[in-house]
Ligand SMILES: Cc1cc2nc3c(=O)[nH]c(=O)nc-3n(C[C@H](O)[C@H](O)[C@H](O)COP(=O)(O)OP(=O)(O)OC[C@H]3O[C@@H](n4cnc5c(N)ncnc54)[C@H](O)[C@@H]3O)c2cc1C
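One chain comes next, on its own, written out as C-alpha cells in the form predicted alone.
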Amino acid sequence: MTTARDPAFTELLRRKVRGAVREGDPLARYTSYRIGGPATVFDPADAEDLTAGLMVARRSGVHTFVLGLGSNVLLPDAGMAALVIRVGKGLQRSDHTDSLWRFGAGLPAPLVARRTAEAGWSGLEMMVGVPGTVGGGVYMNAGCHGGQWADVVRRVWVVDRQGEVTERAGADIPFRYRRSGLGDLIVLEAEVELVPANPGDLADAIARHLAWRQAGTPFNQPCCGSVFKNPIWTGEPPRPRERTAGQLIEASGLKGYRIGGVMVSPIHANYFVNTGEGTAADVHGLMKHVRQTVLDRYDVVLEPEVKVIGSLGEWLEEGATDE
C-alpha cells in the first residue's frame, strides 16, 4: 500500500499543488495536546489547491486526514501513514451581507466570535473560548455556554474525497450533539445567519466567557478540551447529583490522577493535561481507567468527545488504539 511517507508520492504531490508539502513533520506541533508522531503534511494554498491534493492522494491510493487547529484530536505516537491536510491560512475567507456571514473553514473560531461581536451580530460570541477552526467546529458541531454551530449554520460548502464540491443546506445536515453527520466530507466554507445585538453587550458576554474559561479550565496547558461528552440522561439509570462528565469524574476521586505524562486536571476533571512528556498511549490508558471508574461507581458509560485517530486517519471507536 502506498502511503504519504513514500518519497515518490510526495514528489508527485509537490508537482501538482501550490501549497507547502513537508515530510517527516512532527504532528505534535499542530495539536493542542502536543502529542503526535511524524507525517507528511500539506498546507493548501486555497480550496482549489486542497481539492487538487485530494485528487493526487486518491489516484495514488493514499489515505487523507484533515486537521485544523488540532484541538479535539489525539494523534498516534508513531505518526501517520495518511496525508495530513492542514486547513488554515489558505481557507480564511470572511465576508457578510447583513445577517448572513460566510467564513472559510480555516478561520479560527475565536477570531470569528470576536469579529462578529464587534460588528454587532450575535450567535457566535460563545465560541470565543472554543479552540478550533470554523471547519472543524461545523463538522463536530462544537459549542459551549448553550450555543452550537448547528444553531446558526444555513449553508455549507463541502468537498468529498473524489474532489467534488457541493453545497448543503444547514437544514439538511443531520446535526446532533457534537456531531454533524457529514461523514467523509470536508468542510470548505460555511454560511451562518446571525441576529443584530448591541456590541457592548456582546463584548461583555465575550469577557464573561473568557473569564469562565480562564478560571475553570486549564486553558494554558497542553490539552484537547473536553475528553468525554456529557451524558444524556433518559431516566435509566437513576440520575445522580453529578450530571456532567467532569462532575462524575471529580466525584470518583480522579482529579490529579495520572498515567505517565498525562494527568486529570486538578482544575477541571474532564480535561486531561500533558504535563510535558505525555504520549497518546498515556491518554489511552487514562481514558480507559477513568471510564471504568465512573462506570463502576455510577453505572454511566462516558462516551469520548476527543477524536482518537489511527495511522490512516480513521476514527478509532471508543478511544481504542491501533498501536
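Heads up: residue numbers just count along the shown sequence, starting at 1. This is a predicted model, so every value here is computed, not measured.
Note that the form predicted in complex with the named molecule isn't included here; everything after this is about it.
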Residue 130: touches the named molecule in the predicted complex, heavy atom cutoff 4.5 angstroms: yes
### Query
Does residue 105 reach the named molecule in the predicted complex if we count a contact as any heavy atom within 4.5 Å?
yes
**Asked** Can you check whether residue 143 is within 4.5 Å of the named molecule in the predicted complex, heavy atom basis?
**Response** yes
TODO: Mark residue 213 yes when one of its heavy atoms lies within 4.5 Å of a heavy atom of the named molecule in the predicted complex, and no otherwise.
DONE: yes
Of 260-268, 38-46, 286-294, 62-70, the segment with heavy atoms within 4.5 Å of the named molecule in the predicted complex is residues 62-70
With the partner omitted here, the residue among 153, 202, 224, 82 that in the predicted complex has a heavy atom within 4.5 Å of the named molecule is 224
In this chain shown alone, the residue from 168, 89, 93, 178 with a heavy atom within 4.5 Å of the named molecule in the predicted complex is 178
Within 185-224, the residues having any heavy atom within 4.5 Å of the named molecule in the predicted complex are 185, 186, 187, 213, 219, 223, 224
